[in-house]
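In structure tokens, one chain follows: the form predicted alone.
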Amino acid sequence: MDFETVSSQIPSDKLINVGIVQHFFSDDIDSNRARNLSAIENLASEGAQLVVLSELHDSLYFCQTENVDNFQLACELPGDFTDFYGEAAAKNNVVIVTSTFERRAPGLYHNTAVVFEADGSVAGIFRKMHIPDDPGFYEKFYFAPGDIGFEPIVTSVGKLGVLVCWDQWYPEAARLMTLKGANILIYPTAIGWNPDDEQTEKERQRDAWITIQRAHAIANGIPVISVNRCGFEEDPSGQTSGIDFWGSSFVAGPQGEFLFIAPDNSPTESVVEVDMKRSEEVRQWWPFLRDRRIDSYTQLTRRFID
């Protein structure tokens, strides 16, 4: 075992200042990027070492409809997307977690998170593994499932278990990232309410979204960062009432405790201090990884057990 490699993946200062960027977006890519850049600069000036953006932050959430014209929004990697955010990372000396609509090859597209090191280089990518297909969220029309697997991305602030939106509902994804050594779980997200739903139903949905991710923090003994977009976006087809993205971005510690939670209806930029050494303490108190019955879990790879 290369102990130097292992130790280099653990933050040396044990404290990470995380910048949260909860924004609404328009159909103007340049304007969206300018607002994101301003947020990155502001958060870096406030001491952020890691900045996390929400899902598909270059544009409106185009997956409300199935429209081939939307494939024009996709970008190749590397390209202008990596140039822009790589420069932002380097100029501000921060690690940045971004999200984009990747054109991998003609007719092959992914929902892809790109992580930039503080020197502007690409530290790694994650292609969204679980692809939803629900009213207003027609992502299977646009995205092929990821084929990289659940591989943490090594950066100067730690080993990041980056997953994307729908991945956040699956405990298997969080567990595999943890077992591969992730120090923290990060979820760029685009999720919201149907405006026609009753308020009680809206609250149940958001509470479920928060609860499942806090459970990942608890079950794995590591912090979770979830960054959502906010604001209303209309359905271009007029077939639905659009989506009211519910914001509520949050950071949870390794016992699921809230370190930060944003409002549900307004843009928010904030720096949150995360004490990474608490993961070791919590795992000593609650040794879930020690007590896993790995000899009895083989059926988890089956679709259903009759």
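Don't overthink the numbering: it's just position in the shown sequence, from 1. This structure is a prediction, so every number in the text was calculated from the model and none was measured.
Same protein, other form: the form predicted in complex with another copy of the chain, not shown, and the subject of what follows.
- Not one of Gly124, Ile261 and Lys277 places a heavy atom within 4.5 Å of another copy of the chain in the predicted bound form.
- Considering another copy of the chain in the predicted bound form, the lone stretch of 86 to 94, 138 to 146, 232 to 240, 101 to 109 in range is 138 to 146 [heavy atom distance within 4.5 Å].
- This chain is displayed alone, yet in the predicted bound form one of Val164, Ile131, Ile184, Val157 has a heavy atom within 4.5 Å of another copy of the chain; that residue is Ile131.
- With a 4.5 Å cutoff on heavy atoms, Gln255 counts as touching another copy of the chain in the predicted bound form.
- Remark: Asn228 does not count among the residues lining another copy of the chain in the predicted bound form, judged by a heavy atom distance of 4.5 Å or less.
- Not displayed here, another copy of the chain is kept clear of Pro78 by more than 4.5 Å at the level of heavy atoms in the predicted bound form.
- Residue contact with another copy of the chain in the predicted bound form: Phe150 places a heavy atom within 4.5 Å of it.
- Within 4.5 angstroms of another copy of the chain in the predicted bound form, the stretch 177 to 207 places a non-hydrogen atom from each of Thr178, Leu179, Lys180, Gly181, Glu201, Arg204, Gln205, Asp207, taken in sequence order.
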